[in-house]
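Here's a solo chain for you in structure tokens, the form predicted on its own.
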């Protein structure tokens, strides 16, 4: 394929050289003439493992060249890969100036080019940037319709500086945010033969995936460093701790706990986080990430309360009360906390949990509920139907089959989904349904 790559920084330079090595005919484009000259001389404009030899080879064979002429590049390619920078503004917002400028330049050339060109954004940008900002610019300059007269896709990169060439040829995944199938096909063809799963998703999803990755990477580094500082203060070998931690592929290094849902609770996580943060404070170790996990959890629970408040309704039903499905453990259950907040605000509340019977609660479990929700006996309903008949708004905090089979579609109370119901995708089109975080 004939490919133009806009921006010859780390991402653009590596992408251009690697695509050329795969057999594509690549034109690199940059406003910096020094970078253009270096590439045309077979030299890398960045310092990076393997990139020097790779550029020398693909330039020698004629598979890669560089130019500062946007018109020349667009006219000589079928796919334009945009890799310009998106730095932070002083207030932390995303700077889209370079994206807008190159989009205008490409659009102006496409207006006279003829034939279908696919514009692929590889720069990191927030969800909505492509469809709400860049596509309108292209359509204005081209005088046509995206997905019809020209293609548009978002193709985030997952290259680490220092190992970016290796990462290109052995990617963890390939993500293609496609405006239409033809645009996605063009991007998929660029990487044909490379390993790793290919995900073809809507454009905003592709934009968000890059942020999910980087936020989690930062979180992991911060978590490991904070835990290391606490371990050092307590005289523990942090690397030994993490070696054992990482060996757990069922819960720790796994998809476990990484699906948006309701707040966490129970008899372990809250108390252990509190005690760990307290130990850090006693040792004068600052742990801002760990110390904000519980406040973050509380904020997430508050979102559910606010969803109820926005409805303006007063009669509320709650399905689920225990910490985990299939148990009657109420200790630090987020659903108990939710019920307590709603009851305290004067909502007329009814609760159904098939596993919770006040007469069977014993010991610490009973003591906890008598302290937090002493009026539980008056709030519990014997059946799903009783709650549905009472409620104007229902909060669904369980996937109990009995509850799922009884939930209405369309008519009936408003549904606030706390657990992402199995048919959530279908229900999202219904006016009486809202998901907590989806």
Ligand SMILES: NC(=O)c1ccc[n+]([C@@H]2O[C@H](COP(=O)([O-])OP(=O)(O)OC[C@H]3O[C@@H](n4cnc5c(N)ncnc54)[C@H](O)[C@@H]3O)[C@@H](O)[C@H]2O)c1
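Positions refer to the first chain, counted from 1. Keep in mind that what you see is a predicted model, and the values were worked out from it rather than measured.
As for the form predicted in complex with this ligand, it is not shown, yet the points below apply to it.
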* At the 4.5 Å heavy atom threshold, is residue 383 in contact with this ligand in the predicted complex? -> no
* Although this ligand is absent from this view, report whether residue 11 comes within 4.5 Å of it in the predicted complex, heavy atoms only. => yes
* Asked: Hey, in the predicted complex, is residue 309 touching this ligand, heavy atoms inside 4.5 Å?
  -> no
* Can any non-hydrogen atom of residue 128 be found within 4.5 angstroms of this ligand in the predicted complex? -> no
* Asked: What is the one choice in 335, 153, 138, 83 with a heavy atom within 4.5 Å of this ligand in the predicted complex?
  -> 83
* Can you pick the one in 73, 102, 330, 119 that has a heavy atom within 4.5 Å of this ligand in the predicted complex? -> 102
* Asked: Are all three of 7, 29 and 124 close to this ligand in the predicted complex, meaning a heavy atom of each within 4.5 Å?
  -> yes
* **Among 348-356, 233-241, 299-307, 154-162, the region lying within 4.5 Å of this ligand in the predicted complex by heavy atom distance** => 154-162
* **Stretch 331-350 - residues with a heavy atom within 4.5 Å of this ligand in the predicted complex** => none
